[in-house]
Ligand SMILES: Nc1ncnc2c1ncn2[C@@H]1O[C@H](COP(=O)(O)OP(=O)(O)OP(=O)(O)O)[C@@H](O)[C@H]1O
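A single chain comes next, written as structure tokens; it is the form predicted on its own.
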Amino acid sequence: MTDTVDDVELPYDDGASKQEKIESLEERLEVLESQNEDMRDKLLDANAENNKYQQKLERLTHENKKLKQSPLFVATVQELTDEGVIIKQHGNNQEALTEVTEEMRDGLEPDSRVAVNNSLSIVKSLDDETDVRARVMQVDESPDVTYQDIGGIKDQIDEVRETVEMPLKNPEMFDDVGITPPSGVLLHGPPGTGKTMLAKAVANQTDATFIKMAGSELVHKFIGEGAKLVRDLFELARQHQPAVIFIDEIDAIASKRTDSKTSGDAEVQRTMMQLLSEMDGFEDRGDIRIIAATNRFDMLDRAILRPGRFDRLIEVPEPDTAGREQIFQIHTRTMSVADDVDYAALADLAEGASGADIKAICTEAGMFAIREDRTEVRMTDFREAYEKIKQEEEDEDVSRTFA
């Protein structure tokens, strides 16, 4: 790079005319301007590349800083005393007494969630959010099951609609009569009779928030975890009233209490106590309806069966002949069925079958047609399907006997 004009190499000879000199200088100027434009573009590209790497460096520096930091643990405030704050760390249930500043203490109360460091000192307060396990149990999309998809239990459907759906849709009817609407319904009966489908139909037909869970999901290893989840579920329902809570396999947490001293049984009983309190405790439950289902009605504790908790105990039995015929018609609505299919004969053939068994028979009959490269399902397919399902059940019973 030159420092003075005298050092610049001129683009013309000394003997060139004035016009030639001007033309040569203009050509040289055009070349230099073009080169200058190229250099400016390269400079912009280099600056953009530099910014990209600068952002990446900042991100990596931030991540590296986080990796070097000690992790924080979640704890719950148990009590505020003159000596400090008593906290219980989640997971291991370790309790500790720690001191906090007056400013932070003003924002704390029992059951507040806080973050603590390795020395169990409170670092910051956390939002008192509902347990994520409770929030994922909320059904965002209505199931595609309607009452027309359930056969053989018309009386039970009417009772459930009276108990759950009517108070949600027409609460003024109960006010006019002067009675409190039923608060809960317990569906009990053999497996596969439509208890869960009935709950899905309720979720489909109402605009209420629908929260579903299985009783086994409330059983936890650590003391108090199951009871806390029950509290969070009902708190979630209260925040989104009107709401329907469906508890499947409720016998997992509501079985008869025994004198067992094991920690596991004691924790299950604590969870049940919390459930009893939420269903009919001192505080008003609000516009929340409860549906529960079980195959083992004989195992349930009497405390959960009393009125005020479950006002309706509805048995969902295996379908009778007319019910089985209706269920066959429901599950074959979308099937290409031959004219020789006799639903009444199928209902007589499948004596003792549940709704789930009939659905399996229809599916298996369709598989027989597919194996023979047919699009139409015949009566013989249904008969063979029934024999196959029946044989599988008998083999399963035999294996259980010798297990």
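Residue numbers here begin at 1 and follow the sequence given. The structure displayed is predicted, hence computed values, not measured ones.
One more form of this protein, predicted together with the ligand, exists but is not displayed; see below.
> Of 177-185, 209-217, 193-201, 269-277, which is the one stretch near the ligand in the predicted complex, taking non-hydrogen atoms within 4.5 angstroms as near?
Result of the contact check: 193-201.
> Go through N295, N117, Q89, Q239 and name the one with a heavy atom inside 4.5 Å of the ligand in the predicted complex.
Partner contact (heavy atom, 4.5 Å) among the options: N295.
> May I ask you to choose, among R161, H331, K228, R309, the residue with a heavy atom within 4.5 Å of the ligand in the predicted complex?
The option sitting close enough to the partner is H331.
> Verify the contact flag for I250: yes if a non-hydrogen atom of it lies within 4.5 Å of a non-hydrogen atom of the ligand in the predicted complex, no if not.
Taking the distances in the predicted complex, the answer for I250 is no, it never comes within 4.5 Å of the ligand.
> Just to confirm, I150 within 4.5 Å of the ligand in the predicted complex by heavy atoms?
Yes, contact at 4.5 Å.
> Consider I370 of the chain shown here, and say whether it contacts the ligand in the predicted complex, taking contact as heavy atoms within 4.5 Å.
So I370 does not count as contacting the ligand.
> With a 4.5 Å heavy atom cut-off, would you call A356 a contact of the ligand in the predicted complex?
So A356 counts as contacting the ligand.
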